[in-house]
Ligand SMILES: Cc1ncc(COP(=O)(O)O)c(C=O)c1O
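For reference, the chain that follows is the form predicted alone, supplied as structure tokens.
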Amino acid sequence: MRPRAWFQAVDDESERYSLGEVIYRSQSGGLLEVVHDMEALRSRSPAAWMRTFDERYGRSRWPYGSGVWAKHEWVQPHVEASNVVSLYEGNTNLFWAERYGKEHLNLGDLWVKQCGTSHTGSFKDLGMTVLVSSVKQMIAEGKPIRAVACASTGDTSAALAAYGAAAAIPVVVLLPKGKITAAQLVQPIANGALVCALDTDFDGCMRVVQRLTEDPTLYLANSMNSLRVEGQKTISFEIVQQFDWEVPDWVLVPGGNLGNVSAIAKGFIEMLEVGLIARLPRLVCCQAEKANPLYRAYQKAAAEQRDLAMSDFQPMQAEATLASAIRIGDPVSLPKAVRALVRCRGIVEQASESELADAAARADRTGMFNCPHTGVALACLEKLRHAGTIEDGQRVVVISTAHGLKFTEFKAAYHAGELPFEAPLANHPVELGSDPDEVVAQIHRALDERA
């Protein structure tokens, strides 16, 4: 039985559309999602799927070397291999954070899924390979798409610009002026995108890009477009595959626009429905305290001892935070994230600016090099572990969403003591002279002081 998939309204299973249509919302204005023919996927046994995925892992046969397109039938089965636009995304390291886990958390089974070791330095590559490949397929089928557009806090624009450039599809990116890092800004510029700096925040950029893409020749690439989710859900597949098809107890995810929370849950749920796994992990959505609308909603539901609901949510004006990519007060993927957290018995935690910075610094001292958003997830992990929510012996995975090199300003400011709070782990360069004997003596003294 041939795998197939379609767009379906989140609030009405009978409302369906072809994946080749230019559409982002249901008739009622709600979100769409990509739904797969699970009966067709179940026509192959779980063991056969596992063998297939293992045989494709990292191979050179196009397009299966990609961590996303190795799951072609589960992602976008209608996209022809000749229209796949891949930069060898996915297959990222599942890092055993042994020293950090044991020294700081008394947790020996802690892993960090380093999604930032991808082509443009963030997990956004996983979604963009799917979206841009789908657009290339639409163009091949005669759709008059002129360009692809997105609003971004940095990483989305970098990924879209790279994949658009590879596919020779024009890209328009809308960025909040002065609110992203230099590294994130230069990526879409270097890839030739039309870069527009708007005098607003991310939520304001989202309002503009939604208006812009009312023109059907300009295709929307933000996470409200559920094609992105299909790539991002492969994080879940990779995790269990790297654990020899075993499921961790907890998965912690930084949360801004909330597309990753819903995507990761979707991957686990689909594997459960086909029998590749026997249970779901618990999810934790990790938010910065200065951009925490879902945390506030969760606290309201928890106070009333019930499941999180859409009615608990109130949008907010997000404040400036070191975790700039998740500075979002009105997340587009909220309905899907709420549903995902309920299904996966999920919880929502938050981290202050000093907590996220110190957690990132602690982990860095054990060999990592974390972005501030991963710092948010690590700080939330520390809170949940110290509270006893995460128990002894449980297997925990933290999703690292971007490479630390994209946020060197954050790192430099922490270690220079330039942030508006104490930096207990700041590491200052030692200035020395040039006389060999004096320098050697001073280095020995410095090592003795650190012992």
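For every residue, the number given is its place in the sequence shown, counted from 1. None of these values were measured; they are calculated from a predicted model.
This next part talks about the form predicted in complex with the ligand, which is not shown.
The candidate spot formed by 34, 127 and 226 lies out of contact with the ligand in the predicted bound form, as no residue has a heavy atom within 4.5 Å of it. Here is the short version: of 188, 164, 90, 259, the single residue with a heavy atom within 4.5 Å of the ligand in the predicted bound form is 259. Here the chain stands alone, but in the predicted bound form its contact with the ligand, taken as any heavy atom within 4.5 Å, falls in 318-326 among 165-173, 318-326, 92-100, 78-86. Taking the partner from the other structure, the ligand in the predicted bound form has no heavy atom within 4.5 Å of any heavy atom of residue 398. Under a 4.5 angstroms non-hydrogen atom cutoff, the ligand in the predicted bound form has residue 155 among its neighbouring residues.
Using a 4.5 Å cutoff between non-hydrogen atoms, residue 402 counts as a contact of the ligand in the predicted bound form. Of the heavy atoms in residue 231, none are within 4.5 Å of the ligand in the predicted bound form.
Taking a 4.5 Å heavy atom cutoff to the ligand in the predicted bound form, the one contacting residue in 371-390 is 373.
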